[in-house]
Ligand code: ATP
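Shown below, as structure tokens, is a lone chain in the form predicted on its own; questions about how it binds or moves come after it.
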């Protein structure tokens, strides 16, 4: 009852307020709404003043009863206002503002052209122009292989003639006769249709089967828009110069005929589009949809074509038109990419502006033949002791980094990139399915170490579509191939191919391909093999460039015998296996010596490193076997204790912190000293301090020995004794 009493009182109070102050409240809200509308109008005037009319303009429209003439004068006025705006603003206009407003400027000019046609300025010349365009089209018409196949199956072919204005009977009859004769020569009949479409603005196009011969104004404006959008914007550009450029492009527009194939979208979902038409399209070709998004053909069937979409697939509507671009999927390449972060199709995503590229390369490219290669013989130093000593990597090699999640796989890749500073090696890091925060952190690390100057990051994050994750490693390899064929050395890191396989599996299932082992498509092996085979050491005749690939694969519970790991292991020239147990025990990097191997071996090492590390793997394996045996408390003799002590020091010496790569001569020195038992008396907890002291002592007091180590040549007996004696002196002082 008490609650009901409060509710009744509240309603009575609300009624009194409405009766006394209702009109006042309505007035306040009305005034507020009017003010907001005025603010929006004024804001619109500020953003693009060229579209708004002002009573203070010095241009006046003459009194004229002819509506067409009035509209033409109004159009001229808009152009003048646009140029006045350019003269006032271009001096202080920042380049980013020009990039932001170029679409508005372009659409303004296109609207002007459209208005000219709508006002009838070209109607008198349109008939003559259309006849000239038709003659040009008919001189170029041919039947494609797709058309011939359709005629063979259906004994007919569709022909459509569309114009912006009604065509004369003579033109229609001419087209009908010419196309009918063309199709009849192949044993078929034509299904001829004539249509009028005001959206074409002017001109005419003829569609025979899937092939379009386009001589319309709409097509010319489309081509102009593509040229304008692809034009590089420099610091010297202004709004005025940009307007002049667009005007010149429009003036150059003639009766050119565009030839392309067109199809239609059947259905679209989850980044996959099914379409028909475009019968002559090839695998890997680019198509463009009406909304402006693009995609790549990934599946060709008898009745339909499967396409992966690069952009926002929700913008594509069923039964909308799709155009064949006549080009294979390509990405920008060149020096301008260095230091940048780009997406899978080469567009910058680091907010540093457009990339001024001059060349493109197809993302799918044939790998170098055997005769174009030579043996891997030059070391690519990672700066990591455990790797350079036991599983060396050579330039042109493919070395797999494999292990469970959070075992330091990416850390090895980052250290290797940092270690290439000053060594004329271009680095490309491909992040596939990674979090944006992870890639951002990696970029910050590389910038802090000064490594971004020679590095490109290709990012296909977890939030990107499966199609972008699929093409990312292929795009990055195309970027790397540019430098390789220029005679340079490139290091490319695929992080990781496990997520790449998952992305391809998703695409394959959406394309309704049958799944195979572990639900992966059967061609996943071919996918990764054709990717990694592009990494090679080129012969001297081709410039001697190289691509060194470090693919990363994630395992589940250390299972390297599962499908994807075994696939990539069989493709690569060795693997670095990181073990979770070693990682959690404090061994960083957690390289499992028994399962890690380099099939290039000593050919990718300097002579001195090969000499000092020849028995390193055996000693470590012996130590770990004894350590497992003695952990049960068994009594051991003095010789075994010595072996265990030496193995502990060797294991400790191979530990290395993140972003602390070592020069090759320092690694050789430390391994020589520790593997020969010269540091066995050092407390195991002080090994890190002893290592620093050893380097400082040699650099400051024994520069001659340092130069011998840096030369990379094999040590003779005298040199080995001098280094041993010097190291023992350091041990005693320490």
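These numbers come from a predicted model, not from an experiment. Residue numbers count along the first chain shown, from 1.
One more form of this protein, predicted together with this ligand, exists but is not displayed; see below.
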{"item": "In the predicted complex, segment of 256 to 264, 341 to 349, 583 to 591, 471 to 479 with a heavy atom within 4.5 Å of this ligand", "value": "583 to 591"}
{"item": "Residue (of 420, 465, 537, 407) lying close to this ligand in the predicted complex, criterion heavy atoms within 4.5 Å", "value": "407"}
{"item": "Option touching this ligand, based on a heavy atom within 4.5 Å in the predicted complex, out of 656, 572, 613, 606", "value": "656"}
{"item": "Proximity of residue 411 to this ligand in the predicted complex, heavy atoms at 4.5 Å", "value": "yes"}
{"item": "Contact test in the predicted complex: residue 579 vs this ligand, heavy atoms, 4.5 Å", "value": "no"}
{"item": "This ligand contact at residue 554 in the predicted complex, heavy atom, 4.5 Å", "value": "yes"}
